[in-house]
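Quick setup: one chain, the form predicted on its own, written in structure tokens, and binding and motion questions come after.
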């Protein structure tokens, strides 16, 4: 019941909400990022991070450091936070937390299948998988030749099984089919997560519908831009768009027929919340679009913490921590490759 969450929320989720708000206070600030951008070597970055929550994870790493080591250890912090919250959670929060990891599961499935297609070593691929998206039978994905086998041999026992109903075909796996599979799975996952949040009701439904709608709209724009110049038809594109969000349904009709980035821009500018994203970009420029989307997402995620007694803060914290890890990866890569002039290009400040 909306507005009455305060009566019962703290019985089961009060402790965890306090924990997640404590974790949020440990996110890096603009001052931290400015200091990190001044670093000359990866060891300087490690030294600066030693004063943050990442300190215990990096303290025993020997020199010389590699970017992958920094990212790996920072991701371990995210995974530990998540596992702690999951262990303490009761229904329906535990199901909500599990939903957050399904996106990583989809990415891992696609990574393994694509890597196998290009004859990469399975062990090497498993090391690149996101730890939040691991499941027991993931290594056996390498044996599948088409979607039907992929489902029957491996995915039928995972939480992704219901999402596969739309993309089971007997066609052999190739790069195009795998990308379509990724987007079909994501569509089914986002719609399922959206329905689950609506069922929870109250402030959780209100805040999560805004965050998930933004995610669905961002995916619709990316699909439209990436499918320009491919053999995907208008109907194929529309099948990959989620059935909710600000663009649904009329924006999807227009995005499906866009032939270039400026037409996509024209569609987005009709929607006031997204006008600010394109106002930062000049015409024909799509390279900075990802950063503009990330900045808008971070703004919305931070707003989720302004309200109490809802599950959106758990989703927001996980996403903000992932953005922080992306920032650290970019800064570390720029320092390692001596490209310090570009260090601010992709860093999205969180606070």
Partner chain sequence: MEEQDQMQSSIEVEELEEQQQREGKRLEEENVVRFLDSLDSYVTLLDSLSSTLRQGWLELASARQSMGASRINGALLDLKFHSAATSLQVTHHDDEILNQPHFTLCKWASSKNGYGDEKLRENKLQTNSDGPQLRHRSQFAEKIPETKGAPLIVDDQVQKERTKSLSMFGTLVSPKLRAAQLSFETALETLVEIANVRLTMLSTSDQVRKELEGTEG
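Keep in mind that what you see is a predicted model, and the values were worked out from it rather than measured. Residue numbers count along the first chain shown, from 1.
We do not show the form predicted together with the partner chain, though everything after this point is about it.
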* **Every residue of 10, 184 and 243 near the partner chain in the model of the complex, heavy atom within 4.5 Å** => no
Per contact check vs the partner chain in the model of the complex (non-hydrogen atom within 4.5 angstroms), the hit among 93-101, 123-131, 202-210, 272-280 is 123-131
Exactly one of 254, 179, 192, 80 comes within 4.5 Å of the partner chain in the model of the complex through a heavy atom, and that residue is 179
How about residue 68 - does it come within 4.5 Å of the partner chain in the model of the complex, if we only consider non-hydrogen atoms? yes
Notebook entry, point to check: Taking the shortest heavy atom distance, is residue 230 within 4.5 Å of the partner chain in the model of the complex?
Noted result: yes
Would residue 290 show up as a contact with the partner chain in the model of the complex if we use heavy atoms at 4.5 Å? yes
ask   = Any chance residue 111 has a heavy atom within 4.5 Å of the partner chain in the model of the complex?
value = yes
